Ligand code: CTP
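Take a look at this single chain in C-alpha cells; it is the form predicted alone.
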Amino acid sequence: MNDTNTTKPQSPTRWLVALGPTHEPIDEVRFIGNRSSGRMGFEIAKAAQETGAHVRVLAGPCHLSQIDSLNDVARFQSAADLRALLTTDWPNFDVLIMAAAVADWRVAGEKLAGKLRRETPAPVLQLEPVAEILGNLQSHANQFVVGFALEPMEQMIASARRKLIAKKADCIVANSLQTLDGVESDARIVWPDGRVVSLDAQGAFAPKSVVARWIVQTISPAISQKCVH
C-alpha cells in the first residue's frame, strides 16, 4: 500500500469524528476518565479530510495541539456533553468515527461543590455506569458507523465482534492495549461477515498516521455502497 495516497470515496462527503476521553467530574478539580491521546481519531479525521470530505471533529479533553489545525472542531468534557453534540450533529452527517474513549462510570448524583481537601475525611463515592452512547444513537439506513474496541491483544477480536452488535456498528476498529498513548497502532477492522483485516498479514504495529489512511481507504467502498445520497 502507498501510505501517502488515500483513495477518494465517491460518496459521502460528510464525516463526524469523535475522539479523546471524557472526564466525569468528582468535584470542581477531580474527575474519572479513560486514558486517550486522541491521536488515532485525529489521524483518521485528517486522512478523511485529505479525500475532500467535509470533516467535523468532536474533541474531548486531550492535549493534542494538532487538533486545532482542523477546520471544524467542537469540544466536549463529559459523556453527557458528547451525547448532546452527537444528538445534534449526527443527523447531518454520513459517517461516524466513534474513536472517543467514553468513561465507563461516573459519580452518582451531582458533582461535589468546590474542591475536596486532603485533610478532610476521604469521601465515599458511589459510582454508576455511564449510559451507552453509540448503541443508543439513532442512525438512518444510509449512515455508516465505525466503533472502536481497545482490549488486551488476546481478547480484542472477540470483544470487537460483541461490540458490532451492542454498538450497532457497521464495523469495529480493534486495537490492543499496547497502542494506548502511543504513536503506533496494530489496528484490525472487524466486519459483520466475520472478516478481520489488518494493514499487513502479521498485524504488525505501524505509525497511526499510516494506519489511519489505511482505515479510511479500506472502509470507503463499504461507505460508498451504503451511503447513497
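If you're wondering where the values come from, they're calculated on a predicted model, not measured in any experiment. Just count from 1 along the sequence shown to find any residue number.
What comes next is about the form predicted in complex with the named molecule, which is not displayed.
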Quiz item: Could you tell me if residue 148 has a non-hydrogen atom within 4.5 Å of the named molecule in the model of the complex?
Solution: yes
Quiz item: Counting only non-hydrogen atoms and a 4.5 angstroms cut-off, does residue 104 reach the named molecule in the model of the complex?
Solution: yes
Practice problem: With heavy atoms only and a cut-off of 4.5 Å, decide whether residue 156 touches the named molecule in the model of the complex. | Solution: no
Exercise. Find out whether any non-hydrogen atom of residue 72 is located within 4.5 angstroms of the named molecule in the model of the complex, and reply yes or no.
Key: no
Exercise. Please determine, with the chain shown alone, which of 198-206, 62-70, 181-189, 161-169 has non-hydrogen atoms within 4.5 Å of the named molecule in the model of the complex.
Key: 161-169
Exercise. Name the single residue among 84, 131, 125, 116 that comes within 4.5 Å of the named molecule in the model of the complex, judging by heavy atoms.
Key: 131
